[in-house]
Ligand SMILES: Nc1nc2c(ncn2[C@@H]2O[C@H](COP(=O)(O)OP(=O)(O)OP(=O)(O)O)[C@@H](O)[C@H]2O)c(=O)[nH]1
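Before any questions on how it binds or moves, here is one chain, the form predicted on its own, in structure tokens.
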Amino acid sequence: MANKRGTAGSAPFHDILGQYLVLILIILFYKFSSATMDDIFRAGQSMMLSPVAAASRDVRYLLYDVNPLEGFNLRRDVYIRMASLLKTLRKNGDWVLVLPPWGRLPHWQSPDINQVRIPWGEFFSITSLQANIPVIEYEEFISESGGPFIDQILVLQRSAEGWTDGKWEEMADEPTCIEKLMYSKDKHGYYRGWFWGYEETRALNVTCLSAQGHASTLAPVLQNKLNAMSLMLDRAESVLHDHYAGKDYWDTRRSMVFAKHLRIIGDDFRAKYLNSTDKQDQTPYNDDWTQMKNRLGSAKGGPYLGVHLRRKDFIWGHREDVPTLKRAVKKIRSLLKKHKLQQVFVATNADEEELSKLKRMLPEMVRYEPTCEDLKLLKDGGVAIIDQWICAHGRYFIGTSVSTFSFRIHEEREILGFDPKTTYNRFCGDDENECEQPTHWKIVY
């Protein structure tokens, strides 16, 4: 009969464990004593490998960054492009995508809040992302690769030739850099830069890459011409989607499940202020996105109108497409009457002066307004997600022209199974009696 310390006829468990630990210490001693100091501090030379790295010593890491002026929702779109590139790379090697920490985005303007070095896990379900492609947070990369070092940075730039003889040609080559690099060498020969607020990060080499075309165009260069263990693409928004709105696109988009605590906050707000629950609204949700397939038109939505009214930069940047507050309120009242709704939820980046006007003109308006304590916890990105989640569950939604914030709501409603007629709608400018409505990109499973 087996005892608690080991099976019958075997050595005691603690003796076996002791021998195993001694063996590990001997291996580690040999590993450290034989490594030079240059090896220890070079990217990719990890002394303590994670289970993923230990299983495959030739794992390679793909990192990326985006133009600093790009907002939260465009960056989410760039992630889809990088996921597609990673899938191409993984056909011929073991690649992992490193998620760039969030921070210093132009639309995150809440004062007195530390909004740098924010991991993706605060906004999205990492488990859900990993069901599509292998991803890790940046701090996990530091741990796995042996330190805050990046072997090679490729700054993507437009081809100097552009169109050749009126023809579009996909290309990726390594010429001289056209613009001044946003990196500088320190006295040790390492390159320093923004690196998402991680001042300790250094790059060993920085070059430029003229890129024109789809994300997968870069694969041969990364796979065959470079042998660096960690590669970072800067200005990753320069490349196009490989299969926009196809199955690969939607698989990645569906995997971008919002963090559960943000969905819970949004659901509680819906239930408390908008008489909206998944059961009543016919919007069932499965945490496992691979098991979720809602038929278009099956979702009813909560008894409220969802509105995204973009202001500030859009007032002057897209003046012809953005209505005045008076015109917007007129449209909102028309939609409330048409769809027999009493409440309207508004997501907006309007300043305090415009918000005061909007409240006077639309007193029945409902908004999610976090306390100072909640804002410190959720960050501006978390509040934006809650706004999108609530808008996505409304009976009818109307957004702002060419706004990626509205685009992401369109996609969320597509996933939930709403009739496209209740989703792909936008405000017209004051000088437009009729305006072109957003394109319906049908979900593909």
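Residue positions are given as counts along the sequence shown, with the first one as 1. Because the structure is predicted, anything quoted here is derived from the model rather than measured.
The same protein also exists as the form predicted in complex with the ligand; that form is not shown, yet it is the one meant from here on.
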In the predicted bound form, which of the listed residues (Ile398, Leu63, Ala392, Ala384) lies with a heavy atom within 4.5 Å of the ligand? Ala384
Since exactly one of Gly71, Pro323, Pro148, Gly103 fits, which has a heavy atom within 4.5 Å of the ligand in the predicted bound form? Gly71
Just one of 104 to 112, 194 to 202, 215 to 223, 239 to 247 has residues with a heavy atom within 4.5 Å of the ligand in the predicted bound form, so point it out. 104 to 112
At 4.5 Å by heavy atoms, is each residue in Lys87, Leu129 and Ser255 next to the ligand in the predicted bound form? no
Would Ala347 count as touching the ligand in the predicted bound form under a 4.5 Å heavy atom rule? yes
Proximity of Asp268 to the ligand in the predicted bound form, heavy atoms at 4.5 Å: no
Contact test in the predicted bound form: Arg310 vs the ligand, heavy atoms, 4.5 Å: yes
Using a 4.5 Å cut-off on heavy atoms, which residues of 378 to 415 contact the ligand in the predicted bound form? Val383, Ala384, Asp387, Val402, Ser403, Thr404, Phe405
